[in-house]
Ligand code: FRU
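Only one chain is shown below, in structure tokens, and it's the form predicted alone.
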């Protein structure tokens, strides 16, 4: 049996973001809470730092911040060529995994595949048994072969599943099924469908459906959107449709697609309802077109910080969960920052800044002397711009006018997560810092700054 790949260098290993112990990671799966532990699973290939036959990696946490890596939860068997993305739900004192079985009958043609939905369960949250009569749901006749990523929740005594799908017209859509026991599923509705390929995509991956602050929200990752100015600059996007489900048709009456993060490195979200009622989201902190320089070190990919979601002014806001404050080890500085003065942050830090409005122009430069990240706000247009000194380095989005501009930035050894005005905008970036980072405020409009050094090794592998 092949041995899992080993990490050969720590140069880009993150301090407080979840990674694999070695090998490839993409989509988060099975985000859940079971018997006192938060659980996160993820798409995982343990044998190379590249995408391969998908397994489910697994970690657990008491606090959403410090993660302990557990044994691989799912691996492909003779019935499957991959255990693709899915979710988890607690039922009958067991933790159930609902995932997509990926099948390639012709090994020489990876595009010759079909997909179905399968289940496994665990009594201890560590060791999982696949259901002997899988699959529990097969691809419907009015669908192409793209039929994956089940997200299951329980409501009013029934289970519901939202699935990513592509209709025979080659437009993305989300289907909803129901079940009494997780083993037998019936179609409820086509919840929503792309209006056209260019603006809403030919396939909807990783759907998630929930009610929050009076709104029904379908969160998903559409494929095939064409770039429109600052919008849709990555190969594939992640965002949401917001509205209300019509009680008669069961369809989502909604507005247009809205990107949820505007950085280079964000895809495949999944949320959970925490025991205290918070809607918490996590995502893959990479994208399919991202360069991953850690590959040569035996690993690839990471997950974002968990983020709490709220609806405000008709859009989704996201903020790091309150538990991130546990990472703070030492305050680095606190007070009014001087313009153009370099403030040392190290490799793992949290930085908070406030600016008097109308602050505009160049605001902040983060640099290690080689890699840079510059933040700007264009006057009059309120276009917020993030620039990293890489090819295709600019990402931007429209910011609402306000009396104050607030930034909260989390730096790790090869990443930066930027929250603007309490999460109205976010930008998630992999930045492969080569050394300690310094922050330089580029305007005299900043009136407050605070920074902390963060815990160096928060996770156990």
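Given the structure is predicted, the values throughout are model-derived calculations rather than measurements. Numbering follows the first chain given and starts at 1.
Although it is not shown, the form predicted together with beta-D-fructofuranose is what the next lines describe.
beta-D-fructofuranose contact in the predicted complex: residue 59, any heavy atom under 4.5 Å: Flag for residue 59 set to no.
Classify residue 27 as contacting or not contacting beta-D-fructofuranose in the predicted complex by the rule of any non-hydrogen atom within 4.5 angstroms, answering yes or no. Contact check for residue 27: yes, within 4.5 Å of beta-D-fructofuranose in the predicted complex.
Quick one: does residue 264 come within 4.5 Å of beta-D-fructofuranose in the predicted complex, counting heavy atoms only? Residue-level check for residue 264: no, no contact with beta-D-fructofuranose.
Interface membership of residue 288, beta-D-fructofuranose in the predicted complex, 4.5 Å heavy atom rule: Because a heavy atom of residue 288 falls inside 4.5 Å of beta-D-fructofuranose in the predicted complex, the answer is yes.
So beta-D-fructofuranose isn't shown here. In the predicted complex, which residue out of 350, 205, 200, 208 has a non-hydrogen atom within 4.5 Å of it? Looking at 350, 205, 200, 208 one by one, just 205 meets the 4.5 Å heavy-atom criterion.
Which of 40, 425, 54, 431 has a heavy atom within 4.5 Å of beta-D-fructofuranose in the predicted complex? Here the answer is residue option 54.
From the candidate stretches 376 to 384, 80 to 88, 132 to 140, 303 to 311, select the single one in contact with beta-D-fructofuranose in the predicted complex, where contact means a heavy atom within 4.5 Å. Every other range fails; the passing one is 80 to 88.
Taking beta-D-fructofuranose in the predicted complex, which residues along 113 to 150 bring a heavy atom to within 4.5 Å of it? The stretch touches the partner through 148, 149.
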